[in-house]
Structures are given as C-alpha cells and as structure tokens.
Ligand code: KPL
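Form predicted alone, single chain, as structure tokens, below.
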C-alpha cells in the first residue's frame, strides 16, 4: 500500500513506521519539525517498543509536500486537530479519486472538513489507544498498546468494492501491530475516546505527570473519576453505552495501559505549543449546554489549559 503520513510527529511517525516495517511504501511528512525529518533521513526512524527493544525502520521523510511522489492510496492525517484544514490543503496533490483519507486525531469537530477534502465516501475517522512520545528527533517511544477503531464517515456512499478496500486498510493496520478493527458506528467510537481524552489529557497537562500517575495517586484518581462521571451523560447522548462504573474502568484501564506515556497535550504544553483542548473539553461543554447537562469541571479544565497556552480556536462559552 502506498501511504503518506501528514503530520509525522509522535503518533504519526509510529503508525507510519509500523506500516513501513510491514513492507508498505510509506512517506513521513512533517514541515514543522525539520530536525525530526533530517534525523529520519540520516539514520532511519527509531522506535522504542513497550518491551524495551529499539527497532530501526528505513522510511523516507520529507519537510516539503512536493518531495512525496503522489498520489497515494492512503493519506493519514496526524496533525494537531486545529491545523487540519491547512494540512489537507497542502496535501491536495497527493489525493486522487481512489485515495482514502484517514484521521485518528483527537477530539471531534473536523468530520465535515474531512468529507470535503476526501474523494466521495473515502473519509475515514477513527480512534486509537496506542501511546506514542517523541523522545528525540527521529526517535519515538511506543509507550502503550491499545485498540484502534476506524470506519467511514459516509458509509452510505460506499459500494462493495470500496468497503472491501476499507477493510483491507484495517487489516493492514492490524497486521502492523495497531490492533485495528472496523467500526461501523464511528461517531460512538469518537465520543467514547473523547470521554477518555477529556479525563486524561487536561489533567496530565496541568499536573505535568504521565498517564499512569492519575491512577497511582489516590487523590488524583478521585479527581479523574469525578471528571469521568461529569462528562459521561454528554457522551451517552452520542451513543456511548457505558454505565458510570464501566466508564471509569475504561479510563483507568487506558491510564494503566499507557502508564509511561506523556499525553499529547502535556507534550504540547512542555513545548510551548497550542493544545487541542478546544476539540476535547470544548465539545463536552458545548454539548452539555445544548443538552442542559452541567459540566463545571470540564469548563474549569478547559480554561486552565487555555491559560497555559492560548489556542487558535474559538474561546469557550461564558
């Protein structure tokens, strides 16, 4: 499979590297981290596995889109969610009528944008519990394993041939080690992951701790549980079929499975970059207002993270 990863930071590099290791023709593209690109060009991509091994993967990398031969069969979008429009605009030369556009990005709110740039019916949206940390230029730590779920944003537009292609992509991701499975109800999957992210990411970003610390410390664990309980009714309104005890177990399970991982939001804060808080806590606050569900903890976390570093997206409602 011919693949381009747009936004090859921590997770994008991991996914692209694992696919390249399976023999797929992969390009990693990152215009904002030239040091990372140059390191991959010089010595390959280094992946630290959860078992402590280090894999060296030969994979081409580019800081300019024109360096990548196109079009591609699969365009993976791994930029920060607020940068999606710009990334897709730059990547247009790589998109052909048979290209699938895949997003495993955090949060919700970019689905219509993906539909607009992808060929008819070929927008894929999904979630992943795989943990990745960029520890140095050209070096990624695979910090935790977990399921990857993806499905089409417009299933009604797919014929049998396209559906088989989609499932082939799922099999390729699964064979690469990403524990991928086809998810026909992708909105429910997105909101379930949003529930997880809205609990873990703001807390780790504000406290400066890896994911596992949230369940290791009794006080932090109590806060984590309160945040989950508050956000759950909003997620339930979007099809998430979890009881409070199940939702807490899910979030705590992700914390344990990715215990060493530094959340993407914490990594952004430490690097002084804008965060994705407007697409994580923001949708829960806005939907809570629409549904009449109070979300004071999410609103507080949203404002505190924004105080750490302003983001380019709209401000939270008053």
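Quantities reported herein were computed from a predicted structural model and do not represent experimental measurements. Each form is matched to the other, and the largest set of C-alpha atoms that superpose within 1.5 Å is called the rigid core. Positions refer to the first chain, counted from 1.
Another form, the form predicted together with the ligand, is not on view; read the next lines as being about it.
Using a 4.5 Å cutoff between non-hydrogen atoms, residue 275 does not count as a contact of the ligand in the predicted bound form. Heavy atoms of residue 194 never reach within 4.5 Å of the ligand in the predicted bound form, leaving it off the interface. Shown alone here, residue 84 lies farther than 4.5 Å from the ligand in the predicted bound form, counting heavy atoms only.
The ligand in the predicted bound form comes within 4.5 Å of no heavy atom belonging to residue 190. Shown here without its partner, the chain carries 106, 201 and 254, all of which come within 4.5 Å of the ligand in the predicted bound form through at least one heavy atom. Of the stretches 61-69, 260-268, 45-53, 25-33, only 260-268 has residues with a heavy atom within 4.5 Å of the ligand in the predicted bound form.
Shown in the overlay between the shown form and the other one, fitted on the rigid core, is a CA shift at residue 30 smaller than 2 Å. When two forms of a protein are overlaid on their rigid core, residues whose CA moves 2 Å or more are considered shifted, and residue 62 is not one of them between the shown form and the other one.
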